[in-house]
Ligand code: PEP
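As a starting point, one isolated chain is supplied in structure tokens, in the form predicted on its own.
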Amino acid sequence: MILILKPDVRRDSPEIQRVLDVAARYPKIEARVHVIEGATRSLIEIYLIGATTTVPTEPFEEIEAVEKVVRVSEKYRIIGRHHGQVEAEGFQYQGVTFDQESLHVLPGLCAVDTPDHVERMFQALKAAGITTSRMGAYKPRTSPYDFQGRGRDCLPYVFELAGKYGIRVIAMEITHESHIEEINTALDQAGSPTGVLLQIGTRNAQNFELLKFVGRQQRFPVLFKRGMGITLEESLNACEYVASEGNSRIILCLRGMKTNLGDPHRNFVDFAHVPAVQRLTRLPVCIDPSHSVGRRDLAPDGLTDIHHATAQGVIAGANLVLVDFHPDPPKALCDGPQALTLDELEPYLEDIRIVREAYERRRAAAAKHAGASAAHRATA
């Protein structure tokens, strides 16, 4: 059961304690208070955890501060869309709105290698009017002998250059709790010129202790990559782990499934799940065409497979695109074969604009036909 409080109720309001006192009347029911920072407003939701089917709604509905009582209709209590609940609000971070209506492209280095490459990447983004990027500092690799990332040593110049070129948000994978503290320290020392989306990579998709730790910190939103070999339900439950600890600013990233059914691509592209995730949850949905496809081969039509995979996600309503670029892919220390070049950045963005426009036209057509059908039913 979810209790949605009125927008003017504050976290320290005595009305919240009154709600908690009422919840305490029912045995084996745990009440958790969550502050939802939406893109346009913040609100407080109180979750009643336990066997709530026999808990009546009336005692809570009588409390002045309670706007609505919602029976949970999806298994994902916090991230799920429940009948009667406030619609997906999204969130704002560093002046950027992340929700199920927006679209952001995050081109950047899969793995940070040199300050020069970082600067050239950010220069290209500024010229293209892009303020979001990806920069891999910590790189979990299949082989212990492969490049593992520059780690904390690269953070100072990455953050300094981000501020120099107006990059507001950087997606950066972490693999251990200590990485959060290293990012915290480096950001503070640099004067917080940018922000970080803490990326949970596919290899840590079910590292539940890391997920809970990330959920307990409030400074950074979380970009969660779907596990490469687990179901969508398992991945959404992993996001619920993060949200249940207090941080509901989560973006789910689809990055392909590990199976030879996807050959010759690196993974089997799963971007048809974009609308499914949006229907089941309130989370913005990201796609990662680079790691789904894994190669920048050119199709006969003159577009790369990465372009086509990107279009599949965008035409389905994706809200973010996480994509690998590099100033000199042959010199990249990680995943060079799938990185697009800086010369390809503007054509790639143009292709996304074309596909996004088509998606908006599809939405408008669907709304028009839905309105016509409703009007016909009303007069029938």
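Source: prediction; values computed, not measured. Residue numbers run from 1 along the displayed sequence.
There is another form of this protein, the form predicted in complex with this ligand, and it is not shown here; the text below is about that form.
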Stretch in contact, per heavy atom within 4.5 angstroms of this ligand in the predicted complex, of 270 to 278, 92 to 100, 195 to 203, 119 to 127: 195 to 203
Quick check on this chain: which one of 255, 249, 282, 307 has a heavy atom within 4.5 Å of this ligand in the predicted complex? 255
Only one of 110, 169, 242, 79 comes within 4.5 Å of this ligand in the predicted complex by heavy atoms, so just point that one out. 110
Classify residue 134 as contacting or not contacting this ligand in the predicted complex by the rule of any non-hydrogen atom within 4.5 angstroms, answering yes or no. yes
Indicate whether this ligand has at least one heavy atom within 4.5 Å of a heavy atom of residue 139 in the predicted complex. yes
In the predicted complex, does residue 150 come within 4.5 Å of this ligand, counting heavy atoms only? no
Would you give me the residues of 298 to 320 that have any heavy atom within 4.5 Å of this ligand in the predicted complex, in order from first to last? none
